[in-house]
Every structure is written in structure tokens, then in C-alpha cells.
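Below sits a lone chain in C-alpha cells, taken as the form predicted alone.
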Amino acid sequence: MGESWLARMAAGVLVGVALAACAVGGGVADEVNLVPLPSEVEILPAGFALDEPMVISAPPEAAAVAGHLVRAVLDATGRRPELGAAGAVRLSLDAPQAGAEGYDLVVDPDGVRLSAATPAGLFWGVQTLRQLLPTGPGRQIDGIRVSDRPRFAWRGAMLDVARHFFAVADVKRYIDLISAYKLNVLHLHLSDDQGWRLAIDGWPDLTAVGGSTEIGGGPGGFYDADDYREIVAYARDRFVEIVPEIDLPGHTNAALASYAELNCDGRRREPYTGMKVGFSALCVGSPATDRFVSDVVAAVARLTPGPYLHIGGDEVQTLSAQEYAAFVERAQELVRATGKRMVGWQEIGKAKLAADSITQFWQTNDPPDEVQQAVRQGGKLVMSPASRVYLDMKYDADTRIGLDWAGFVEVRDAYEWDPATVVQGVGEQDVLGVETPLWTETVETIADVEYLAFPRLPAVAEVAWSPQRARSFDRFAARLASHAALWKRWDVTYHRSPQIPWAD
């Protein structure tokens, strides 16, 4: 788990996806309501009966994955399977052809056989099984053969815990929901003008002052080291990598309110609880700022076992181009010194970037010069076009929460785009993956998060996982409609988009 699988994917160990005719243009793939759409699907004439006690067998390396399957069966049927050496449900690590995250699944009268090359692949196969499980006792899993491989290595969601704070339990809840749709990255936006959410040794006022509020003047909150480790461990158990973001050098009023020396005039700023952007920046180039950034980067890197550290870099309006570029290059040096790869929003493309740094495309209202410049420097992109995948955008004018600066984003908008054709001059080989951010200016509860994420997050998950030429919005909408029953069982708050033909 960890760098071994995500880094292998990022390095291109698994390139391309084999497409079966049955998955292209509909056909039998649409007879099963799986999201995201697998690479290959074949319906078999008979399935596996669940009348008898189910026994699950798995190799020791996949014991945790087997535990997830036990809980999934219990949730769906009310009956707890047993773990044993010779079960009718067999998990195995004997499919090297599946790559770092792929899997092969067969369900027939002889049982369930799920094979992969890695525990991560088995886990994603279990998520497919969760969607196939019938509810209640005395039923069967329909016969099926699936061979599935992801299109992109980075399949992410971002949760902003800075504008409004979300407790550890809420973050775990979101991890459960995103992993159910085979997303493997949770990008946590841990600092902004309105709040600093991660304790840093040697800088206690970052949380004592900077973590004490949020938009609207609420109580805020923060994660101590143990809280953060708990989140990371929970995510890793579900093959989700936590990518922490400390937004620098702008979006820093919470830090500027915490320490006077981070301001060029030596005076603390007042805590900020509004929604404006672009007004704050560190006093770049000063020894105090360099020590601060060095300490923060080192502390976050120590707490984060995964390979990535996000330094933000967006919407900096108070620094010169030279000051901004110099800061990004210094931050990149500090990140690389910890053994991590730097990630930043698309504005970092204006700086001199190492080939292993990653640029996140977001601003669809401006020319993509910065993104193209990042690619010319050899970097990879994470695609997060705001007009397609920003989950904080309203569905329509009547949506009760959310923003609309990037336009309204309905389910079809979130689905009908190709990450390899969004930016001129950027192709499949330049794209590391896809991420769907959720900013929380208007979002106060986990129910609010779910309402904005569902049903759009599964749409983005299919963009990130499934073969491009196999996708069709109408067929996706028909498959997704049945997931309302799953969401009811999982107690998910969701928006009943008129674009989905809900069954009830």
C-alpha cells in the first residue's frame, strides 16, 4: 500500500486499458448498474446463490481487503460471512496481468473469484462486488465476468477543511464514499485565509489563533498529529492516498494572524471570516518566512507517508511575478528535500519546475498558458477544470448551497468531458489523472458535502476510471439511477438531479 502502488501507476506501469466490444457503445455492459463502468463486462447465464453461509478465503496479504468484503456482505444481506481457507468466495493475488490497480472478477454457480496483482486491485474489485450484492437474505449475485483496469493513476477528490472545519469522523465518512467509487486520492486543503487546520511543532499559534475560526465566525478547529495520522491510516486501509495542501504564499491570512514576523510590516493581521480571495501573502524572501515554510514543509512531510505534498500557489495577487516564481522554486526545493513530489495549482507553471512536480489545472475562465508551460517543462497534470468538476458549484439557480462563479455544473457537465482534450497541446501522455474539488465557503456539514458530491462525484469517478470511448452520458445516467438505493442504505444525502431517471 502507499507509494508502492500509486507511484507505480504514476510512473506508467499500467498504461492504457484493454477494451472489449461488450463495453464499447453499450450492450451487455449496461445490463449491470456498475459505476464506474468496467473495462470489460460479460453477463454469465447463472450466478452464485447466497442461501448458504458464505465463506471468504484470501491470502494473508489481503486479509484487510477480505475484512472489507465481510462488512459489505453484512451491510447488504444482514448475514456475516466467515473467513476460511477454502471459501466459495476466493480472493487471490495471482493476476499479474491486472497491473497495479486492476482486477478480474468471475461470479458463477461455483462461487466468486476475485483476482488481482495487488491488494489495491482486490480492494477495487470488492467495490464492484458491493454494487452487485443483493439486499436481504436468500438471494444471489448475478453471473458476471469483469476484467477491469483504471484509465488514470490519480483519481482524486479534494475536501476544503479550511473555510469550514470538518472533524475526523466527517473526513473518514468522505473517504468511505469516494473509495466506494474507486477514487484513490483525498486532497485535504488544510490552510487558507479563514483557518489553519494542522498542528505544526514549534508554531503553536497557527492552530491556537489561526485554527480558532472559519467563514462566518464559527469555532473552527484543527487536527493534531494523532488526528492526522488517524485520517491517513484510515485512508490507506482503503487504498486512498492523503495529499495534504498547505496553501502558500497566498491564502495565508490565518498564518499572518498567528505570527507577526510573517508580515512584512511586522504586525499580525486580524482573523478573517469572509469569502474574498487574493488579498493575503507571506513576506516572501524574509528569513522568518523561509524558516516558517521550511518547518511547515518538513512537519507535513514527516506526518504524510505518501509521495505528494501540495503547496497551493493559487490566486496570489499581491506579489510580483519574480517574487512569486522565486517562492515557488524555493518551496519546490524544500519539498524535494523531504523526498516528496510537489503539487501546485496551475499558477505554479509560471515558475521553473522540476519534471517530477505536478500541476493542477483548474481555471477554465483564463487562457491555459501556465498549464502548457508546465507540460513543456516535462511535468504531469491533474485535471480539475472548475466548470466541470468543482463540486461547490451549484447544480442550477435553485440549488440551496454552493457558488456559481464557474457556472452551474449539472451531472452531464461533470461527465461529458475528456481529460486528454481539455487543453490544447495537452494529451493523454501528459495527464496523471483527474480530481474533483469541493470548496466549503457555503458548506457547513457533512450532509452539505454529500449533497454537492452526489450524484456528480460518481460521474467524475467514471471519467477518471473508465475507457473514454466506452462512455455515454445517457447510459451512465441509467446505470447511476439504481445507486439511489445504495445511497439510501448508506444514508447519503444527495441531489435528485432531473438529469438522472431515478427509479423511485
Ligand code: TNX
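So that there is no doubt, residue numbering starts at 1 and follows the sequence shown. It should be emphasised that the depicted structure is a prediction, and the values quoted were computed from it without experimental measurement.
One more form of this protein exists, namely the form predicted together with the ligand; it is left out here, but the text below deals with it.
Contact annotation: the ligand lies within 4.5 Å of heavy atoms from the stretch 309 to 317 in the model of the complex, the single such stretch among 309 to 317, 232 to 240, 254 to 262, 412 to 420.
The candidate spot formed by 277, 362 and 403 lies fully in contact with the ligand in the model of the complex, as each residue has a heavy atom within 4.5 Å of it. A residue is said to contact a partner when one of its heavy atoms sits within 4.5 Å of a partner heavy atom; residue 155 fails this definition for the ligand in the model of the complex, lying far away. Using a 4.5 Å cutoff between non-hydrogen atoms, residue 441 counts as a contact of the ligand in the model of the complex. Although the partner is absent here, residue 214 sits far enough away that none of its heavy atoms falls within 4.5 Å of the ligand in the model of the complex. Under a 4.5 angstroms non-hydrogen atom cutoff, the ligand in the model of the complex lacks residue 104 among its neighbouring residues. The partner is absent here; in the model of the complex, the one residue of 345, 123, 395, 165 having a heavy atom within 4.5 Å of the ligand is 345.
Checking 390, 327, 181, 222 against the ligand in the model of the complex, a heavy atom within 4.5 Å turns up for just one residue: 390.
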